[in-house]
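Next comes just one chain, in structure tokens: the form predicted alone.
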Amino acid sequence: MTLVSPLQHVHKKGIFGDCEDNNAKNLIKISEVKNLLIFQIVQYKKSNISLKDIKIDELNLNNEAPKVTFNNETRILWISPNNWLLTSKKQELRANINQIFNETDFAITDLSHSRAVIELEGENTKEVLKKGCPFNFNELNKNTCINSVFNGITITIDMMDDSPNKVRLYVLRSFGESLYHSITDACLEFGYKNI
């Protein structure tokens, strides 16, 4: 089976927007993250298992808002109490997840093919997000995440770095193109480069 990218018809490489007076290194970089393993993990209320006893890819499930636990290839985003989003480039984790998380204590949902993931990187990334999202981005720091909306589209924002600003936006696949167009419109003022 061939994986069809959610943004394959709209994400074209190139430089766009107000680029004439901007140094190429100051442009916002936009990319689509493909082949990412995405699982939602929810611990049932009746579960008595301690989260300290559970590790996946050497990471614990952190129940502290809005923290992200991470290593080089895997990130675990806190979504709400006892609810996490696991993302990883390591496809072999798919087999381990069902062994690690007992079905009597956890609900596990594979979201890998139902999400579009857009990555923004650059000095003005937060300014772009401020244009369509009501969140106070001065409070969003490295390795934290939030659920919010961007121009009416529900998204999860993962702040991966703050030097330069680098975020991943997770959205339902069916809203991927709409979010992409909203984000690129917001980037025009600063100039952006699709990679």
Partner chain sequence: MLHIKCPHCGLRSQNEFSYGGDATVKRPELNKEVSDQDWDNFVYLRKSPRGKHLELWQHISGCRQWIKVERDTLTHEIFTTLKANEEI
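Positions refer to the first chain, counted from 1. What you see is a predicted model, and the numbers here were worked out from it, not measured in a lab.
Omitted here: the form predicted in complex with the partner chain. The next part is about that form.
- In plain terms, the part of the chain that comes close to the partner chain in the predicted bound form, with a heavy atom within 4.5 Å, is 71-79 out of 71-79, 119-127, 104-112, 84-92.
- The partner chain in the predicted bound form is approached by N147, whose closest heavy atom lies within 4.5 angstroms of it.
- Interface membership of F135, defined by any non-hydrogen atom within 4.5 Å of the partner chain in the predicted bound form, is confirmed.
- Within this chain, N141 is remote from the site of the partner chain in the predicted bound form, having no heavy atom within 4.5 Å.
- Taking the partner from the other structure, the partner chain in the predicted bound form has no heavy atom within 4.5 Å of any heavy atom of N60.
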